[in-house]
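To begin, one chain is listed below as structure tokens, in the form predicted alone.
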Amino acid sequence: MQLPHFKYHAPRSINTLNALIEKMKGQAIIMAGGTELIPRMKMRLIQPENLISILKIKELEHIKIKKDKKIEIGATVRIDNLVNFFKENRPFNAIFQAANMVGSQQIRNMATIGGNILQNTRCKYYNRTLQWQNIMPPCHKRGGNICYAVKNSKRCFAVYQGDMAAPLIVLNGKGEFLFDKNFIQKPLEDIFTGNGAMPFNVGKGVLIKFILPQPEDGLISTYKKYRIRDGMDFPIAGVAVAIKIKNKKIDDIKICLIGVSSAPVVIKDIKDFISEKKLTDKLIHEISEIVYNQAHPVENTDGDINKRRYMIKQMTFEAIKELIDGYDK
């Protein structure tokens, strides 16, 4: 499949990028590694008049620990660089694990963290060829009023499958966006709408970088991924868990799911549930049950929905069990 015609722009500074965006007046798409965008363009799911590559902006390539111990990650840092940077960083192990499971090695060499976070939602009824689009009436995501995955639905249920979002969310990461000439930070979980047709609420903002807070004492994290084919597939269910251990008890916990909704799902009321309780297998089973009850995948991607939901429960148990058992080792 060939790409549609477009004008290509490659600014070398944030100021030039901002000027280009103003000049295009909304008629442009930002591209980083292109591993998710280019296939959609080939299928004519999107046909931008202008494509702005941000890969030549050196300011967006850095990853570093700042003086205040926060970690700053530029939007165009390659996924493989994340693997190397976080390999021996125990509090942020979830980031290392997620990055190491993004696609294939070739994908990790090209894909960026910004592109992974801001990748579009997917659906087996949407991510189809032009021939399919010409035959079938348009769904919500293509501007119609039909959802092929959920009968009679008035909104789009296309699923979000960005591996890196869940780990960054449980580790309280923020995204910094350029709005006109202003830089604004947002908690990462707040940039998602929950609507598969329009998954992000950042408007005309351009993602510049991510900020992770200094890890607290006792912080540990992990990420589990369920996919059909190891080494290349998107997650059809994923679980990120971050726990803070204090006095041999779970002092804090945050769990986030991907692959089961149109946005990452942050599990509610989990911290109050575990308050002052002993770390037992029974408690972990109870936490896993809470997570299971808040996971509601629909039939819009590969894999049986009941199996995907069950795997969320199983992976949650395994994740917490591994973190607790390995804490003193």
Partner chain sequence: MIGRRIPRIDGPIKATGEAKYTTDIYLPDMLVAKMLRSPLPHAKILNIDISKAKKIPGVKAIITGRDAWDIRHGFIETPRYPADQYCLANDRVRYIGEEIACVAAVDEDTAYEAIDAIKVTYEELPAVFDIFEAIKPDAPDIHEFRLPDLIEPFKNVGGRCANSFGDMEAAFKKAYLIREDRFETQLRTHCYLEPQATVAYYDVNGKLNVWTSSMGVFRKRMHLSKILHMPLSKIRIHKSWVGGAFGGKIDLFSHEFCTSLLSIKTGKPVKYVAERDEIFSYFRHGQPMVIDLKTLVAKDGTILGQIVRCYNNCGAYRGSGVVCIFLCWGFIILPYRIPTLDYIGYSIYTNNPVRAPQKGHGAPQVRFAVESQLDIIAEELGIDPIEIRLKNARQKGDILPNGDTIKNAGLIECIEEIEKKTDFRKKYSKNLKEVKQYKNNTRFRRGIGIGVSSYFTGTLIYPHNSAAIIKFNDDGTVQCYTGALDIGQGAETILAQIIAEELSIDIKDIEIIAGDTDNTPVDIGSWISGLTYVTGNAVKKASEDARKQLLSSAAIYLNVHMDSLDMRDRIIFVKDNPERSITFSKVLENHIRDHKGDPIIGKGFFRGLKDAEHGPSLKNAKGAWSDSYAFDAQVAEVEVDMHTGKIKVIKATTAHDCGFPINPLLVEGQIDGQVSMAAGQALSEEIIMEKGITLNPSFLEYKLPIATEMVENDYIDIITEEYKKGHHFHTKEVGEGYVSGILAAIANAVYNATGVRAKRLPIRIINNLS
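Everything quoted here is computed from the prediction, not taken from an experiment. Residue numbers count along the first chain shown, from 1.
Another form exists, predicted in complex with its partner chain; not displayed. Remarks below refer to it.
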{"query": "Its partner chain: the contacting residue among 128, 87, 249, 186 in the model of the complex [heavy atom, 4.5 Å]", "finding": "128"}
{"query": "Interface residue in the model of the complex among 44, 56, 277, 296, criterion: non-hydrogen atom within 4.5 angstroms of its partner chain", "finding": "44"}
{"query": "4.5 angstroms heavy atom contact with its partner chain in the model of the complex for residue 124", "finding": "yes"}
{"query": "4.5 Å heavy atom contact, residue 302 to its partner chain in the model of the complex", "finding": "yes"}
{"query": "4.5 Å heavy atom contact, residue 182 to its partner chain in the model of the complex", "finding": "no"}
{"query": "Partner proximity in the model of the complex: residue 311 to its partner chain, non-hydrogen atom cutoff 4.5 Å", "finding": "yes"}
{"query": "Stretch from 112-120, 170-178, 222-230, 240-248 whose residues place a heavy atom within 4.5 Å of its partner chain in the model of the complex", "finding": "222-230"}
{"query": "Sequence-ordered list of residues in 1-29 near its partner chain in the model of the complex, where near means a heavy atom within 4.5 Å", "finding": "1, 2, 5"}
